[in-house]
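One chain comes next, on its own, written out as structure tokens in the form predicted alone.
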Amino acid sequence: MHEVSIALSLIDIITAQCRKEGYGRIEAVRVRIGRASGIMPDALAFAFDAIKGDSMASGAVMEIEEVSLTGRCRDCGVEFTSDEEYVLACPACGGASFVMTGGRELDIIDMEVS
């Protein structure tokens, strides 16, 4: 489960930023995860809660915003959105030549600190 290592990295990043800005506690962190990122949001939230322990994020809540997969077909030019994790063909023309334009994100959007 690679979500544990991702959660550890998130805690490291938000802790470092919190210290840099002179705060002592993280209340909440909001992240954006793309549906095609390979990250399971529930597993990430579980891992975050399990490992935050005695860190500055010990009482923090993780809010997860999921981002749909988006793409543009090279054959017909249509831009599409899908809530699936994988797209094998353009939903408009069935072509297999397309570019993913979104859905692979893992971004820290913001955090609440005190």
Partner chain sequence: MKVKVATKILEANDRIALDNRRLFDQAGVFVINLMSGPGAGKTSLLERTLAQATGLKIGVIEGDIAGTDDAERVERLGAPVVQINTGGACHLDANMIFEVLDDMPLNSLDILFIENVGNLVCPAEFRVGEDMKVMLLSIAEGHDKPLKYPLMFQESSALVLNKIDLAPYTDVDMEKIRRDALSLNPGLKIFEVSCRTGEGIEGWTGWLKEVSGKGFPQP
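Numbering follows the first chain given and starts at 1. All values reported here derive from a predicted model rather than from experimental measurement.
We do not show the form predicted together with the partner chain, though everything after this point is about it.
Contact check for T101: every heavy atom lies farther than 4.5 Å from the partner chain in the model of the complex. In the model of the complex, no heavy atom of A92 sits within 4.5 Å of the partner chain. The partner chain is not shown here, but in the model of the complex it comes within 4.5 Å of a heavy atom of A96. For S37, a non-hydrogen atom is located within 4.5 Å of the partner chain in the model of the complex, even though that partner is not displayed. Annotation: in the model of the complex, residues I13, Q17 and E21 each come within 4.5 Å of the partner chain through at least one heavy atom.
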